[in-house]
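One chain comes next, on its own, written as structure tokens: the form predicted alone.
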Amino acid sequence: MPVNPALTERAFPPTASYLVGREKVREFARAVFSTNPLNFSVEAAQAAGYADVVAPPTFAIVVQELTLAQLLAEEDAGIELTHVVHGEQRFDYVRPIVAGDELSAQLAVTGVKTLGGNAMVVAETSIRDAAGEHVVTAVSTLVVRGDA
């Protein structure tokens, strides 16, 4: 089944909130080989003006993944996970994510483009804190291989 071009008109509900834990930030920082003390030390983060440890810039993918799961679960999307390659990723930050943030995310598909037998799907996730303030927008381009 080809990717449904009508996905660009579909609204996805906001995700349940995700509480950013200090140890999750530290685990993620170790996984991406960060050596930035702001990612590990509360004292270093507070000395720099943050409330708690600061998540590495790519940490937003943890929250965005919740919205991408919504997209992949759409029965008429025409997106089979085994045919998906992550083509591009971008994060546009308003402010860093810190431990203690309670975040929710909402997905909008901003583009579906067919190229030969393949498709490119642009998924834009707006991530907000508990006060509703915009924290970051995560933009993923998924390349969906055709069956041929």
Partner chain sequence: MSTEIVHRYEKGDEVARATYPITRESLVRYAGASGDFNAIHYRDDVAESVGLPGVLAHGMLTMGLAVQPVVDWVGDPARIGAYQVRFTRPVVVDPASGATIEVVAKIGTLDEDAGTARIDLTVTVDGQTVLGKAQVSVTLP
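None of these values were measured; they are calculated from a predicted model. Numbering follows the first chain given and starts at 1.
Although it is not shown, the form predicted in complex with its partner chain is what the next lines describe.
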- Here the chain is shown alone; which of Asn36, Thr114, Ser41, Thr110 has a heavy atom within 4.5 Å of its partner chain in the model of the complex? Asn36
- Checked Ala47, Val32, Ala51, Ala69 for heavy atoms within 4.5 Å of its partner chain in the model of the complex; positive is Val32
- Message: Is Asn118 part of the interface with its partner chain in the model of the complex - any heavy atom within 4.5 Å?
- Response: no
- Please check if Lys24 has a heavy atom lying within 4.5 Å of any heavy atom of its partner chain in the model of the complex. yes
- According to a 4.5 angstroms non-hydrogen atom cut-off, is Pro57 in contact with its partner chain in the model of the complex? yes
- Task: Using a 4.5 Å heavy atom cut-off, state whether Ile79 contacts its partner chain in the model of the complex.
- Result: no
- Query: Using a 4.5 Å cut-off on heavy atoms, which residues of 86-104 contact its partner chain in the model of the complex?
  - Reply: His86, Gly87, Glu88, Gln89, Arg90, Phe91, Asp92, Tyr93, Pro96
